[in-house]
Ligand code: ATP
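Next up: just one chain, as structure tokens, the form predicted on its own.
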Amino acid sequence: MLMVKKQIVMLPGDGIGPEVLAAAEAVIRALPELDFTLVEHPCGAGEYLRNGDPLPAATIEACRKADAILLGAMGIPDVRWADGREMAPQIDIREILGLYAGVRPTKTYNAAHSPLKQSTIDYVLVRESTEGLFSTRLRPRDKTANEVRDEMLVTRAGSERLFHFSFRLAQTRRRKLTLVDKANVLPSMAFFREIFDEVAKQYPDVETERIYVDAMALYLVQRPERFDVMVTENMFGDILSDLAAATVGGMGMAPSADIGDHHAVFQPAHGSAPDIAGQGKANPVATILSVAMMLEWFGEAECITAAKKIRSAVERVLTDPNHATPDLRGSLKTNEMTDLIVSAL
């Protein structure tokens, strides 16, 4: 068997991050076609408490050299910067490495896990991850001032690359792309839509529609089956992707990727959940599906085959509604769910 060799940086981070990354490693080791070198590097709020820097320069350098990055979770609620913001080195990594396309798939694996009891949810939300309302998050705050302003940044270059990515993704699925914006109120979003319309002319094989973000929040609950690929601004995508995860069982079912032209990070979309850290209650499915996304991004035939094996194993395990971790109203431990999926491989 031809074995694929890759160098993967592992960033366990905080809270349940190390637990779910252990599940990712178990799945990777169970696939004989993969010869991956997995190397852990420090990152996160815990690293700040230990050494004064949540994102060491050596970690960033390792990320630049790696074939891909697997991330667990970052952040501890009580560990904050002086201006009150929680430490979020995962956002720093996106901006430093130019990971502009935040890919958030949402799929039902068992209707019993969905509060909507909906079995046909299968779409991808693409979130712009380097601009938007997050653009001024590092601006120093004047604590003597009586107002604070955040700015929505939309650039032509940033939007064009995002839309091209999204149209190409739609071409690999059901050839439908929905723009989510607030172009009826915000000039930045009207500009965003103008650029979308320009880029859309280059993809006549993809059906397009445009929906305001508030209406999209409604539709994702009322009729999620109508959507295939959606693309939106940073903050809108941050909010809608959590709503989307809730419809299929919660954040433990939400894989994600942040992809640029040369680098990519793959991680569960959930946070560090310090309240359950070390208790074996974390759902590893989102992380395991993020591994499948990483393999698909590599593109080699062996990696794509391995990704299909992972998705098939997850589907077979979750077909049984009793195969559920506490977030899915079950009792399986993190390692027990991982073992079931590894066995299904």
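These figures come from a predicted structure and were not determined experimentally. Each residue number is its position in the shown sequence, starting from 1.
Quick note: we don't show the form predicted together with adenosine-5'-triphosphate (ATP), though the next part is all about it.
Contact annotation: adenosine-5'-triphosphate (ATP) lies within 4.5 Å of heavy atoms from the stretch 263 to 271 in the predicted complex, the single such stretch among 175 to 183, 218 to 226, 201 to 209, 263 to 271. Residue in contact with adenosine-5'-triphosphate (ATP) in the predicted complex (any heavy atom within 4.5 Å), chosen from I276, L49, A26, I60: I276. Contact with adenosine-5'-triphosphate (ATP) in the predicted complex, judged by any heavy atom within 4.5 Å, is made by just one of L153, I96, V79, M251: M251.
For the marked spot (D35, L289 and I310), a heavy atom within 4.5 Å of adenosine-5'-triphosphate (ATP) in the predicted complex is absent from each of the three residues.
Proximity of D242 to adenosine-5'-triphosphate (ATP) in the predicted complex: non-hydrogen atoms within 4.5 Å are present.
In the predicted complex, M74 approaches adenosine-5'-triphosphate (ATP) with a heavy atom inside 4.5 Å. Contact annotation: I16 falls within 4.5 Å of adenosine-5'-triphosphate (ATP) in the predicted complex, judged by heavy atom distances. Not displayed here, adenosine-5'-triphosphate (ATP) is kept clear of C43 by more than 4.5 Å at the level of heavy atoms in the predicted complex.
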